[in-house]
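In structure tokens, the next block holds one chain alone, the form predicted on its own.
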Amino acid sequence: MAKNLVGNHIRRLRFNHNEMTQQQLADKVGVTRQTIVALEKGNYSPSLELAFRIAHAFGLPLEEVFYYGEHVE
């Protein structure tokens, strides 16, 4: 049985938003840069509130930033 997890497109989205740094995103959403690093590496699943704040920072719906389960870009 495959392991299900929450994944994200944060790294790509940062690049597509004027090459936003991890620190800039962290400042926008009120977390540390280390939290953004952990999210991008898939080592941390955000709270629902943080997921919405990140999606809002990119001006996108939640499901365009995060996905659940297997996903191929």
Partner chain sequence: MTYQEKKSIVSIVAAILIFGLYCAYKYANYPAEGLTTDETFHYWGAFVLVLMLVSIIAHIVISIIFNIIFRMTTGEKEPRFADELDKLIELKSNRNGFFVFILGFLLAMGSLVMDGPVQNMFVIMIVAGFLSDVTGSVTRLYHYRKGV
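Positions refer to the first chain, counted from 1. Remember, predicted model here, so these are calculated numbers, not experimental data.
The next section is about a form of this same protein that is not shown, the form predicted together with its partner chain.
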property: Leu50: touches its partner chain in the model of the complex, heavy atom cutoff 4.5 angstroms; result: yes
property: Close approach of Arg33 to its partner chain in the model of the complex, 4.5 Å, heavy atom; result: yes
property: Sequence-ordered residues of 39 to 69 touching its partner chain in the model of the complex, heavy atom within 4.5 Å; result: Asn43, Tyr44, Pro46, Ser47, Leu50
